[in-house]
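The chain below stands alone and is given as structure tokens, in the form predicted on its own.
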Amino acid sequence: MEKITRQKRVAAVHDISGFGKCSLTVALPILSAAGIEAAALPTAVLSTHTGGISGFTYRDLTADIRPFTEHWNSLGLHFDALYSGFLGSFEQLDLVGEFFDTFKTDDNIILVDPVMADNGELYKIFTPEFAAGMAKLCEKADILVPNITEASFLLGEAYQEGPYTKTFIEDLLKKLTRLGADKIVLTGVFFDENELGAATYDKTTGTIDYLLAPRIPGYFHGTGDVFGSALLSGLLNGFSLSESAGIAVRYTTESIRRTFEAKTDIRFGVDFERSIPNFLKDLKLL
């Protein structure tokens, strides 16, 4: 007979795009499939995501973040993880910091995905001042999950194009812990054109691991949210940082491969849904 244990609960602080698979429309189903209760704190509502799609609507929900925080706190809610992604305004950085302070406990984790840049550039809606504010928010994180561009902006360093050396990646990982988090998962890591993946660093043990998979040509939107949600799913199901990153790399790669082989419009996100069964097998839930 299956032993029933207390269900883990995550507070996911992201925007929600009605169409185009990213942010909450990715995070909620992935976490739920992994057996985790997912509570949503939306930072903005858009008709579509912004990557390669024009004419989208945008509703800022900055004014709702503090009332969400106060109401959830009044209910005495406990979260096993606090998970933030895209934040739509400079003011939201401080509000999410307050949210973290309110719900941080000795036995939960804060995972910050500092969504703000890729391919050497900040997203158009963000400024260097926002990047500096994001670095301050990252001080509250237990686990930090930037791509290499975001890592460069967080550290105030010039972006370097790949392929990379292990010396460069390991130096970047160690510098990132100076922001506050003891555990770093760096995405977009590659040493040649054939593989792509992530590197993990645990400051407390000094352990660095590389989790790479065959590279699939093209740029696919929403993959960072798939990766971050899968990573957190692994951690909350008892896997180590490195094991969880490996699970996330394999799941994200399979989702990209399905999208590539089906010749789906890459603006609309990746086929993470049909990759869920293998993801759950990796989590030993099937």
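This is a predicted model, so every value here is computed, not measured. For every residue, the number given is its place in the sequence shown, counted from 1.
Keep in mind that the form predicted in complex with a small molecule is missing from the display, and what follows is about it.
Checking 28 to 36, 217 to 225, 63 to 71, 246 to 254 against the small molecule in the model of the complex, the stretch whose residues place heavy atoms within 4.5 Å of it is 217 to 225. Scanning Val115, Leu173, Ile148, Ile143 against the small molecule in the model of the complex with a 4.5 Å heavy atom cut-off leaves one residue, Val115. Residue-level contacts in the model of the complex: of Tyr159, Phe90, Tyr164, Tyr123, one residue has a heavy atom within 4.5 Å of the small molecule, and it is Tyr123.
For the candidate spot formed by Asp80, Leu82 and Lys104, no residue has a non-hydrogen atom within 4.5 angstroms of the small molecule in the model of the complex. Although the partner is absent here, Pro42 is not a contact residue: none of its heavy atoms lies within 4.5 angstroms of the small molecule in the model of the complex. Although the partner is absent here, Cys22 lies within 4.5 Å of the small molecule in the model of the complex, judged by heavy atoms. The closest heavy atom approach of Leu46 to the small molecule in the model of the complex falls within 4.5 Å.
The small molecule is not drawn, but in the model of the complex it has no heavy atom within 4.5 Å of Asn237.
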